[in-house]
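In structure tokens, one chain follows: the form predicted on its own.
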Amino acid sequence: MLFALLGSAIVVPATNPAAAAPGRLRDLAQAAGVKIGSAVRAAPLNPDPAVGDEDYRDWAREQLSTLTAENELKWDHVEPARGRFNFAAADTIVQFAHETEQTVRGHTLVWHSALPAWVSALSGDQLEAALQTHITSTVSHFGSDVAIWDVVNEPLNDSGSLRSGGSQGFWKDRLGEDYIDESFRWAHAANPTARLYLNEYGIESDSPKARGLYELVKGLLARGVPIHGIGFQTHKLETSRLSGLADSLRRFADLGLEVAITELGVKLLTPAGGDSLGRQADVYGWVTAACLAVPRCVSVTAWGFTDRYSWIPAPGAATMLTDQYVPKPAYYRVRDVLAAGRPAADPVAAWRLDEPAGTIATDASSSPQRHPAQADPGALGHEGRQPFLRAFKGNGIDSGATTAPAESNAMRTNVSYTLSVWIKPASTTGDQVIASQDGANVSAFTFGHTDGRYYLAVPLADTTDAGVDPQRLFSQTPVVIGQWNHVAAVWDNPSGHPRLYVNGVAEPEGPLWNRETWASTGIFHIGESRAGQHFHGSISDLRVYQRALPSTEIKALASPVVGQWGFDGHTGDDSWFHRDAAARNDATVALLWATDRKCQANKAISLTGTQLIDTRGGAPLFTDRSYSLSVWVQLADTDSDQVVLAADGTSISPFYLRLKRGTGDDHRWIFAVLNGSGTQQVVATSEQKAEAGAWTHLVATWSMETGQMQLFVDGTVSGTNTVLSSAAATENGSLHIGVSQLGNLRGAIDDVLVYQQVLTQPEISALYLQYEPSRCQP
């Protein structure tokens, strides 16, 4: 498909979207088990030709299954003067939906914005009475014609606490924290059949706001508040990746709630650069796919479907259609994702175990059969594989987590399966179980370690007969205490071969096993077994596959990468950790794209010294422990000091990877580490000079064990030094890409990789040779 951006106008092929699609969006969505919708406006839906827009009406009728009133149900519209309700505009939307068999979402009953002046002047009992009257009158007026209500909208600060102070803290400051509980109760009393939602932005990945909302909602449920769902607003930029969206949706869904994408819009940056419409389509597709991957995600609603009536018109142009109703690539991407339907469950169960607190471990798989695990108090919320991330920690005595007895088994044990997990053992004492699943009498399998070796054990029968010994396979690689390792166990039923892997490397195969393994009937255990063995140490990212994974997939699961920013048209983190990057303060200045070292257009990010790119969701790296940084950089000039990578510390970055300008042409690469006391920067300087215009591969490593710093340039050691301790990064901080007070980068950056270990010389050489620049030169 050819398309271009010409000034502020979007030019795409003149194709009728309804004719181009193999089916209507609403039909494809229904087949996938979701609804597809949009915010709409009453005026263009008006059947009066003098007021309405026939094309708008036709497209909404044909393509959408749910409608949200964009503004017509906000308080300043429905009750501009106290006691004088005006539902005429909203009635137009509801009547249209009734005629076209569409669901209506009421937006919104309680919000700190869009308040009429008379409400702002109230306080105390008067304000509470006015709020109750507003909710009751509005919900009652529409009755069953409005099936879903966004009861409370945007109640939280970015810190995760309830808004307070100024106009944004209006409700909490004047009515106290109970206003949320009461609002839901009043709405439920007015229409007991309506689905009631809390709607919020900035919760699309693990963040202080997402964590704060999770705790707020748990409290609402514990108090019996009638809340049925969480709305994810999801207004994003074209460069967004939203890699953590599905996991965030699942976390709320595993509380027993519906989740929905309620206000999807993808703004084009201005001026547009490269394939802006393609990147916009990517984001629309990723969001839709994330919803389909979560069984309790019930709908995807765009905040407007055409730029003609969008709150972000051209050049931002955030919708799926131009102002002439011509479909953009985003429309086709959504159509194709819906047509593909919900994904098959693979893995069939998965627990990230990264909950910051509480006792519920969310099942992060896409399986329609959910397997949330109930953890013992205090087992969740411990230090994880990143500073901001958490993990399960077993005490080796009586801790663990189990799925509910009423749920079906997490896995079938009479066919092939794979268990994949990251662990950090605290001891090798006794028989320690990482995972198991109950049979009627014994565990159908036990995966753990004993006598310093990993093992997989499978009994031949579900019996306590002492004469029936289980089949066992042990690793040759020993258990290492105090560091994260990846281990996997595979039962390949057709071949009769069990296999073990440690850090992605296959252990020697044992003898063939009896293939007549039996089907277990009980609960799944994390960090324990029914026989009373418990794990001592930390567990993260436990996955269960109902197939024997090949060694290539297991090697990928064992990747030591803890952050990966490829900049292939977006700023997302492609690792398991979902620490997406973004322009600071969500600046809408266009991010520029460059041809990468593989000669692919728009596959590297181009910085001019003004863009500020930071990762989100907490620090991706423990800088007071061994680590490695890998990045490709192409300098535009060497006119001043320029930082490639830095991180947040208490007052100064714990490390800098940067260009140090010298005299004449004597410019060098610098790797600087702040010592543990924060009193001295220790520097490793490259032997090679830094040059503008050429792609250069930089790797910086620091070893906690030896204190050795190493700086590699194009696969070769180029500078070394020693510092015995390193300052810690701020847990809630960021990795800064091409930006620092010491000087912002002018040039291009590609493939930033972060490791929580020291890479070896062969590994660094392989990173360089994988895409050595000369291979794609003419």
Ligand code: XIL
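Since the structure is predicted, the reported quantities are computational estimates derived from the model, not experimental observations. Residue numbers run from 1 along the displayed sequence.
A second form of this protein, the form predicted in complex with this ligand, is not displayed here; the remarks below concern that form.
Engineer: Of these, 354 to 362, 232 to 240, 140 to 148, 517 to 525, which stretch puts a heavy atom within 4.5 angstroms of this ligand in the model of the complex?
Structural biologist: It is the stretch 232 to 240.
Engineer: So which of 132, 503, 168, 71 gets a non-hydrogen atom within 4.5 Å of this ligand in the model of the complex?
Structural biologist: Among 132, 503, 168, 71, a heavy atom within 4.5 Å of this ligand in the model of the complex occurs only for 71.
Engineer: What is the one choice in 513, 179, 111, 325 with a heavy atom within 4.5 Å of this ligand in the model of the complex?
Structural biologist: Of the listed residues, the single hit is 111.
Engineer: What I'd like checked is whether 658, 695 and 744 together line this ligand in the model of the complex, meaning each has a non-hydrogen atom within 4.5 Å of it.
Structural biologist: Checking in the model of the complex: none of 658, 695 and 744 is within 4.5 Å of this ligand.
Engineer: Wondering, does residue 199 line up within 4.5 Å of this ligand in the model of the complex on heavy atoms?
Structural biologist: Answer yes; at least one heavy atom of residue 199 falls within 4.5 Å of this ligand in the model of the complex.
Engineer: Residue 449 near this ligand in the model of the complex, any heavy atom under 4.5 Å?
Structural biologist: Contact check for residue 449: no, nothing within 4.5 Å of this ligand in the model of the complex.
Engineer: Indicate whether this ligand has at least one heavy atom within 4.5 Å of a heavy atom of residue 484 in the model of the complex.
Structural biologist: Looking in the model of the complex, residue contacts with this ligand do not include residue 484, since no heavy atom lies within 4.5 Å.
Engineer: Would you check, heavy atoms only and a 4.5 Å threshold, whether residue 206 touches this ligand in the model of the complex?
Structural biologist: No - in the model of the complex, heavy atoms of residue 206 and this ligand never come within 4.5 Å of each other.
Engineer: Along 305 to 340, which positions have a non-hydrogen atom within 4.5 Å of this ligand in the model of the complex?
Structural biologist: The one in contact is 311.
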